[in-house]
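In structure tokens, one chain follows: the form predicted alone.
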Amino acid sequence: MRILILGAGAVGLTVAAKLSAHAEVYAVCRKRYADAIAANGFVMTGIWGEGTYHFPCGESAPAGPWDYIIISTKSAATREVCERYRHLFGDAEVVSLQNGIGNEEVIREYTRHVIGAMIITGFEWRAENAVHVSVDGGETVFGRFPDGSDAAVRTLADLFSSSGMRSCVSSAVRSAVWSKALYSCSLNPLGAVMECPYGDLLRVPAWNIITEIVREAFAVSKAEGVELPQKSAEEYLEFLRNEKIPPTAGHYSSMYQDIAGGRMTEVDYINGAIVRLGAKHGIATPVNRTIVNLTHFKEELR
């Protein structure tokens, strides 16, 4: 099986390392990462195991055909990646392994073969060829986007599981993507702005902000016709407090890591997506809008 990973950063390179023992993998990444991996291998530590992995990677992609093409770039680059590599898509299954809302919709403009995914796992850069996996928030969910399941989806989920990355199949992956988006909206930018791990966000002042973020996001999800597992914002907040934050309490958000590393965050595709879709449906989203502005302010202060 041939798997191409596009826009490989901490997530994509770690996934490439895990898959490399079970499939032919190539990761397209920045030159400095490729050079470091070529010289010393890719070093993974943390809860997914420890080891040094050797797999091919570079700045451009080899010719196909590919069985699966996994896009793991930041959301701002999704269309650019699709434009650059659309000639490789062919009959490959193109998988969005990304944060944010709207990536799968963009990919669908370039191919009929779209698999959505939801992953809640913490990846932390330790060096240009080293990533620490700090949090495993549950199974990675795969499904035909926007809904359904088939053999190609099941094969991919089985491959991830056999490679040591717990995975499952859902016939409602759009719901799973939105559920992850609510999780990210609630915690990711606030943790970045306040420079704290997720566990600290259970404090009352932070929780008051999170409550309003979730209420706005939940209203937008309903207007978009997304059926979430929880039937109300209050039910989701209880789920967030009791089920999702405890196993990730010590984790510093990806936006925090982006700002610390001098990179732009994905807030425009997480809370910003809630603001844009809220405007589309006439739903006010003042708290999410404020979080977007605060995060951009933080970026400018770096």
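Bear in mind the structure is a predicted one, so any value in this text is a computation, not a measurement. Sequential numbering from 1, following the sequence displayed.
FYI, the form predicted together with a small molecule isn't displayed, but the following is about it.
- Between 253-261, 45-53, 272-280, 234-242, the stretch whose residues reach within 4.5 angstroms of the small molecule in the predicted bound form through a non-hydrogen atom is 253-261.
- Checked against the small molecule in the predicted bound form, the candidates 102, 122, 191, 146 yield a single residue with a heavy atom inside 4.5 Å, and that residue is 122.
- Contact with the small molecule in the predicted bound form, defined as a heavy atom within 4.5 Å, is made by none of 66, 111 and 113.
- Taking the partner from elsewhere, residue 218 is found to have every heavy atom lying beyond 4.5 Å of the small molecule in the predicted bound form.
- Proximity of residue 160 to the small molecule in the predicted bound form: non-hydrogen atoms within 4.5 Å are absent; the residue sits far from the partner.
- Although the partner is absent from this view, residue 135 contacts the small molecule in the predicted bound form, with a non-hydrogen atom inside 4.5 angstroms.
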